[in-house]
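What follows is one chain in structure tokens, specifically the form predicted alone.
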């Protein structure tokens, strides 16, 4: 069991995941090749929002092919509050920032951590959820109890994530990258990796749901992070997104969405992510 005394939210989050069966709520729209609403200027009534739907419970594809998850519900609520329509476009995670840089999408919500390096190429909204990196191992593993025990080990990660960056900094580690977090966790379950470094909420959800059995989270969180909605540098939509988020936080919609997906009361969020 992961110890989360440093972070009240993740303690609540873990309790919620263990006690609550996640309900796959239908979200809006799938892939689209329509040019981004803001590509030719600002103030569009439709924003094309990139996401990688392989990151439950934040974004995933429901059985009927629609998009579902916390991020999907949150972005739709922000759009409704701020007066714009959301059109989702599914992209690989490592292709999202290039799409923002080329203005082929207007924004992205995909469990993306706000980092100083990413802020050099894109802008971020105010933080919309708190998270952190956790280490997962097989239930039978007693050798790995902290990040210090990963030296020289086989580590599976999702490509382009802060988990991958952390793994690449571990001495003599054999790092394998995968297109999604579930694929990395499955590699661990199959015995082809010794550990996975991945965002704690997603890892805990995969374990609690039973979709990938035989795994556990060990030790304290490796990092404490915040997710944000990414936009192109200088986007005129940044203020609109932040305004919509402020509205749904104030009117209780944010708390309702959080309760639906995580079975807990949301924590207070900072105006800016500490870096």
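Numbering follows the first chain given and starts at 1. Because the structure is a prediction, the values reported are computed rather than measured.
From this point on, the text means the form predicted together with a small molecule, which you will not see here.
- With the partner left out here, the small molecule still marks one of 203-211, 221-229, 61-69, 240-248 in the model of the complex; by a 4.5 Å heavy atom cut-off that stretch is 221-229.
- Of the residues given (136, 184, 112, 78), 112 alone sits with a heavy atom within 4.5 Å of the small molecule in the model of the complex.
- Among heavy atoms of residue 153, none comes within 4.5 Å of the small molecule in the model of the complex.
- Mapping the unseen interface onto this chain, residue 161 counts among the residues with a heavy atom inside 4.5 Å of the small molecule in the model of the complex.
- Shown alone here, residue 84 lies farther than 4.5 Å from the small molecule in the model of the complex, counting heavy atoms only.
- The small molecule in the model of the complex is not approached by residue 73, whose heavy atoms all lie more than 4.5 angstroms from it.
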